[in-house]
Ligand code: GLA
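Only one chain comes next, encoded as structure tokens, the form predicted on its own.
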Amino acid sequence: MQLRSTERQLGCALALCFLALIPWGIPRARALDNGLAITPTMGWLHWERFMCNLDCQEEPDSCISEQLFMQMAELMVSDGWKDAGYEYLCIDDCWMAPQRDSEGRLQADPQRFPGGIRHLANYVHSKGLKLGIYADVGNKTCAGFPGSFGYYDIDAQTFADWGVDLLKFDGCHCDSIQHLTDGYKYMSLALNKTGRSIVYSCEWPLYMSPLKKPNYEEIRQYCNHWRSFADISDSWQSVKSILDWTSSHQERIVHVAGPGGWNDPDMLVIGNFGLSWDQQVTQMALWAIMAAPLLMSNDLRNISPQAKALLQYKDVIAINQDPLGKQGYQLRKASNFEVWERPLADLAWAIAVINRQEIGGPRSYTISIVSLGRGVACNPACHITQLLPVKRELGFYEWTSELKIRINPTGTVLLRVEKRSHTSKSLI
């Protein structure tokens, strides 16, 4: 063990020396221009629902294993998730064996992944899906498995050789901001150097922000999406805290998002236990407004028809995947209401109104049409369709008119506003 520790320290020291020699300003465009995540990534990720369950003897249906991911892959195809756009099946922490192999490569736990990751990737690809995997920029993953520090090149090549299509790169167990920054940059270059198309999902700003303000323009040059806030949990309090953080930092983060690079507010927890129906509607609507990666963390084997329909709702997914690629923002906040809006292609807008009050019953909110879309969405008139909580045509509104809506506590009304003449045909 002492010899392995000495070798590891030497490897880390050499890696940092090599990092210091790289002229980071030269290859940045290459890392940004990998042609991936042109719209926000959609898929399934195990962490929030299944965490680090290693007990396959007592809990074979919920431990982190080859069987779990194969079952989810089957369901993503048979139950319409792939057709709805959910393409990436992503493994989070706890897939690894406790040690690297004799050649320094990461390896899957042989009991829980008897076929190895290459076998699982082949299976996932046979279903027309893509496989995501997890690693860490530091010495260890957050759950204590081998980290990538000192092994960035070999890990990137290993993932490419296995046929991996996405890497979630966590930030635990780093000893300095420089180590964190250089490691995230280096892994971006190492992934591109493999020649395989691998979406790069970073947690760089999350781990940097307690010590230093993240440079989101720089982060975008290396990552396809990036986490800035704490892990989501299956609770309304967690969803609220993410929305509050996003709105309070929107001047710094909204303009950075766009095709190829997205702010990531973390997983969709719709279909689990902690959110009411109205709160699930709110998460789906606001993740669409925020142009967020839609990575579900739930059990697709046991999900209600209502939650499934919400997650597969094509009109809301279309807002999330809108080709204009502009992230939405909070327009105003007053009297426990919030209005968020997002510009869309073809001069359309998405508008979300949240009732943040947690006492009492439904409340009415009146929207001044002239205020929407920076004053241009309905000038001189527009057609408004309510998408959530139920779809209905609201009709045409003049620029100077008002719209009154009624919203349940912790719920959201999501609207699509379009420039259409009175004579044009309905979209439904």
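In case it trips you up, residue 1 is the first one in the sequence shown, and so on. Every value quoted in this text rests on a predicted model; they were computed, and no experiment measured them.
From this point on, the text means the form predicted together with the named molecule, which you will not see here.
A.B. asks: Looking at Val239, Ala348, Met72, Cys142 here, can you tell me which has any non-hydrogen atom within 4.5 angstroms of the named molecule in the predicted complex?
C.D. replies: Contact check passes for Cys142.
A.B. asks: Identify which of Trp287, Tyr207, Tyr216, Tyr186 has a heavy atom within 4.5 Å of the named molecule in the predicted complex; exactly one of them does.
C.D. replies: Only one option qualifies, and that one is Tyr207.
A.B. asks: Does the 4.5 Å heavy atom contact test between Tyr313 and the named molecule in the predicted complex come out positive?
C.D. replies: No.
A.B. asks: Would Asp92 count as a contact of the named molecule in the predicted complex, using a 4.5 angstroms cut-off between non-hydrogen atoms?
C.D. replies: Close contact exists here: in the predicted complex, Asp92 approaches the named molecule to within 4.5 Å, heavy atoms only.
A.B. asks: Whether Glu203 contacts the named molecule in the predicted complex should be assessed with a 4.5 Å heavy atom distance threshold; does it?
C.D. replies: So Glu203 counts as contacting the named molecule.
A.B. asks: Though only this chain appears here, would Arg220 touch the named molecule in the predicted complex if you measure heavy atom gaps against 4.5 Å?
C.D. replies: Output for Arg220 is no: heavy atoms all beyond 4.5 Å of the named molecule.
A.B. asks: Using heavy atoms and a 4.5 Å cut-off, decide whether Tyr134, Lys168 and Asp231 all contact the named molecule in the predicted complex.
C.D. replies: Looking in the predicted complex, the three residues Tyr134, Lys168 and Asp231 all sit within 4.5 Å of the named molecule (heavy atoms).
A.B. asks: The named molecule isn't shown here, but in the predicted complex, which of 223-231, 248-256, 77-85, 318-326 has heavy atoms within 4.5 Å of it?
C.D. replies: Result of the contact check: 223-231.
A.B. asks: Given a 4.5 Å distance limit between heavy atoms, list every residue of 38-64 close to the named molecule in the predicted complex, or none if there are none.
C.D. replies: Counting only heavy atoms within 4.5 Å of the named molecule in the predicted complex, the single contacting residue of 38-64 is Trp47.
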